[in-house]
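In the form predicted on its own, a lone chain appears below as structure tokens.
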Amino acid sequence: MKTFENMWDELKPYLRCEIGLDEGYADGKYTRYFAKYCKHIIGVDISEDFYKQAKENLKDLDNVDLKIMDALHVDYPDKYFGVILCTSFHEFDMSGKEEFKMDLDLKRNILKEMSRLSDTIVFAEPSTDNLSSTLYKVFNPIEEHAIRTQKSNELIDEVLTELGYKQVLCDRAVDKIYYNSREEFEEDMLSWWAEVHVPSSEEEKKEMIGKIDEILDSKGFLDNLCFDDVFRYAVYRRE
């Protein structure tokens, strides 16, 4: 499987442009890669918490302009952006904790809004076999992240094909995230979805860590203190 750096090298020709849109920038990790190739990036995310995190994480970059904005209504003219990078499409319709459901109409409308803004759209998101799908169940047992991601991928291909795009690249890569200690690894796993569920007591925290360790151990990740974050990336272009 290709490395995370290989993925960005392959995406580089598509990410080079004067003005790009980072849709769903989260904490800004992937915005930093995008900023290597795009002269000026406008980032939109609906979360104020993510805005604060990304603002702090990217404060050394002068070519990134972050905004709090709804992906359904991106306030820019048609075809304003040379490219759109989206690294969180599968999470745009996160539902509550009582029932697993997907708002495919919402996703369809977001894709239509993307198509209004650019003729080149790049997706880089966790693969359906990413262990994060299983880990997420520790925080929200009814969530089916792998199903959500698979249905999102299918919808992306269906809708963008209808809108005249062609898939010009599709592959998988792994981002190897290393940790200095087992405790650091466990704490990071707890922080990944802290917005979904934070342990209410030390007893619950130990219980959650136990479940996390069991999942990580099943893949041998605790042996070498490395998490293999598996990504699927794809590029769609419209002539």
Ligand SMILES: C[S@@+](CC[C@H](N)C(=O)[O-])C[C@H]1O[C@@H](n2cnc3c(N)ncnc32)[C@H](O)[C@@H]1O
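Residue indices: 1-based, along the sequence shown. Computed from a predicted model, the values in this text were never measured in an experiment.
Another form exists, predicted in complex with the named molecule; not displayed. Remarks below refer to it.
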**Prompt:** Is residue 198 close enough to the named molecule in the predicted complex to count, meaning some heavy atom within 4.5 Å?
**Reply:** no
**Asked** Is residue 111 one of the residues lying within 4.5 Å of the named molecule in the predicted complex, judged by heavy atom distances?
**Response** no
**Prompt:** Does residue 174 reach the named molecule in the predicted complex, with heavy atoms at most 4.5 Å apart?
**Reply:** no
**Message:** Whether residue 46 contacts the named molecule in the predicted complex should be assessed with a 4.5 Å heavy atom distance threshold; does it?
**Reply:** yes
**Asked** Quick one: which of 46-54, 32-40, 183-191, 201-209 gets within 4.5 Å of the named molecule in the predicted complex, going by heavy atoms?
**Response** 46-54
**Request:** Have a look at 83, 71, 160, 138 for me and say which one sits with a heavy atom within 4.5 Å of the named molecule in the predicted complex.
**Result:** 71
**Item:** 88, 133, 120, 150 - the one with a heavy atom within 4.5 Å of the named molecule in the predicted complex
**Value:** 88
**Prompt:** Which residues from 122-147 come close to the named molecule in the predicted complex, meaning a heavy atom within 4.5 Å?
**Reply:** 126
